[in-house]
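Below sits a lone chain in structure tokens, taken as the form predicted on its own.
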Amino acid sequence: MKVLIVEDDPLHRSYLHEAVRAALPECDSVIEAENGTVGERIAREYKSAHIVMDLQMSPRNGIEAARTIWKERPETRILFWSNYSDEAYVRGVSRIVPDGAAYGYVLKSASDDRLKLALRSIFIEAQCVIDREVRGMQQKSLGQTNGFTDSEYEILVDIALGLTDRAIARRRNLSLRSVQNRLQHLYEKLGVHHPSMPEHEEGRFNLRSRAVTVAFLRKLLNYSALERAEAELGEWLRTR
């Protein structure tokens, strides 16, 4: 068995190396990469390797690297090991996981035993392991506990990119009325607009700008999410 560690912090790479050796005596080789770009290249060289992946890296983050790796080898088992349980990251991972893939999402604050158990569960037993805090965010992001639907979240990203209602309608294959209805739902869920709000109170804000600000403050959006979205928007515009 081979394990590839993709992590930009040298101390964290060293810690993961020791954890892999301790948890997986079956492992005969541990390879290290300092960012997602290098990780993608090494993953192509060691096609059978299982992967432990950080999320926040530069110049290529873990979500982008994992998406490329899974596109080329959907059977790859990946454990995401991250400081972040923000909805933007959780949604980013959920969007790219292939059907039936064995993967995990464990926070760096988890105990040594938790990490070792996750390594064995994913890489040996082909089970999915998601930390409770991350699982709760997944349930929220899937529309439970008054979260956002995928369609509403896509429109939130689109207004953060600066698209008009008509452009969003064309991009998402929706009617203009549908886009406007979803925007109203977004505003209400973010608390920037309520049907009973007096007009003089509502007039204090541009609702689109305020919605994006609140989304950042609530960690529904982050730089990595918008970086991916900007790249996807560029691809869409080139096809128009």
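One-based numbering along the sequence shown. None of these values were measured; they are calculated from a predicted model.
This protein has a second form, the form predicted together with the DNA, left out of what is shown; the following refers to that one.
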| note | In this chain shown alone, the residue from C27, L207, V38, L190 with a heavy atom within 4.5 Å of the DNA in the predicted bound form is L207
| remark: Only hit among R171, R182, H50, R67 for heavy atom within 4.5 Å of the DNA in the predicted bound form is R182
| query | Since the chain is shown here on its own, which stretch among 29-37, 58-66, 172-180, 42-50 would lie within 4.5 Å of the DNA in the predicted bound form, judged by heavy atoms? | reply | 172-180
| If you check in the predicted bound form, is T164 within 4.5 Å of the DNA, heavy atoms only? | yes
